[in-house]
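Just the one chain here, the form predicted alone, laid out as structure tokens.
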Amino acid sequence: MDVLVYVKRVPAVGGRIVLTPDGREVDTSMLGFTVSPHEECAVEEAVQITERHGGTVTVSTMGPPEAIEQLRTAISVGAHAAHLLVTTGVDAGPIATSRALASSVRELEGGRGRPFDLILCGNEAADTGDHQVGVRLAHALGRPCATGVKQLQIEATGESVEASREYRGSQEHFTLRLPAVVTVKEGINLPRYPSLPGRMRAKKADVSTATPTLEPEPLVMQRLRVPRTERTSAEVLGHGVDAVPALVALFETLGVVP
């Protein structure tokens, strides 16, 4: 079972999001980078599939040269090969991205002489949340697709995959004939931590590269906006026993005491 996983290098946001002056990008000058949580689960799912059924895991991303670190992280947790589509670092939209990835899949499969049995993507990237790339990739390749999947099971014959997802309180089940494309959600599994031998292996691993041809993106992003959040504050009522009257008055206001 040969699995191809697409991941995306995204800012590791743990605090306040700041935009660049033109409002078109997130200011990453003070941020690190990581892989989207959904895609971390996609890598883990691919590794588990090959542990059960044999085969290989190839992980790929499209991004700047620095994105090789995210690929090496995937190798450290069990991926066997990595492929980087090198760009200038400017994000392409979902249409241009999916077309470039489809072209890359054809080239990789041409070099292998056979298609990947399964292509896994995250359900959506953590930064843009487009929810489109996996679906558009499947359409470009002419392969069946299931999205938002939280359970995968390769059938015994190895010819199809059972995919399940939650939708409005119910469970939906799909049977996809392989080769297929599946987008998975966080929670399908618990990604493992890289081991020391895994980190050493990843450090020495060769990462193949290519330069994608990005077509003009028909969808044009005009400006980003950070949602307004309510600020909370605390009021010091006093210190020691001097704060007791104010505290009792507050409890009376809240109806905690009569």
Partner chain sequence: MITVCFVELDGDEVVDASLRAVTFARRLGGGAPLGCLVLDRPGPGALAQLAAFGVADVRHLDAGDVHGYAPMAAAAALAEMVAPFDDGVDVVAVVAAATDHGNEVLAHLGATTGLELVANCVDAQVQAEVEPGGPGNGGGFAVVRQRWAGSLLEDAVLHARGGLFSVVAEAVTAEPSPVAAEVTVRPIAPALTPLDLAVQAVETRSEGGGVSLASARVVVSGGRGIGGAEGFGVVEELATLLGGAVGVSRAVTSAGWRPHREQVGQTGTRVAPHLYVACGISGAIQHLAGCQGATHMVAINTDPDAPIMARADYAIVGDVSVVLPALVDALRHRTAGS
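Keep in mind that this is a model prediction, so the values were computed, not measured. Numbering follows the first chain given and starts at 1.
The discussion below concerns the form predicted in complex with the partner chain, not included here.
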In the predicted complex, is there a heavy atom of the partner chain that lies within 4.5 Å of any heavy atom of Glu40, even though the partner is absent here? yes
Gln171: heavy atom within 4.5 Å of the partner chain in the predicted complex? yes
Even though the partner isn't displayed, in the predicted complex is Gly54 close enough to the partner chain, meaning a heavy atom within 4.5 Å? no
Is there a non-hydrogen atom of Glu235 within 4.5 angstroms of a non-hydrogen atom of the partner chain in the predicted complex? yes
Do all of Gln151, Gly158 and Arg199 end up near the partner chain in the predicted complex, with near meaning a heavy atom within 4.5 Å? no
Would you point out which of 55-63, 206-214, 42-50, 185-193 contains residues with a non-hydrogen atom within 4.5 Å of the partner chain in the predicted complex? 185-193
The listed residue (Thr87, Thr128, Thr73, Ser103) that reaches within 4.5 Å of the partner chain in the predicted complex by any heavy atom is Thr128
Across 194-228, the residues having a non-hydrogen atom within 4.5 Å of the partner chain in the predicted complex turn out to be Glu217, Pro218, Leu219, Val220, Met221, Gln222, Arg223, Leu224, Arg225, Val226, Pro227
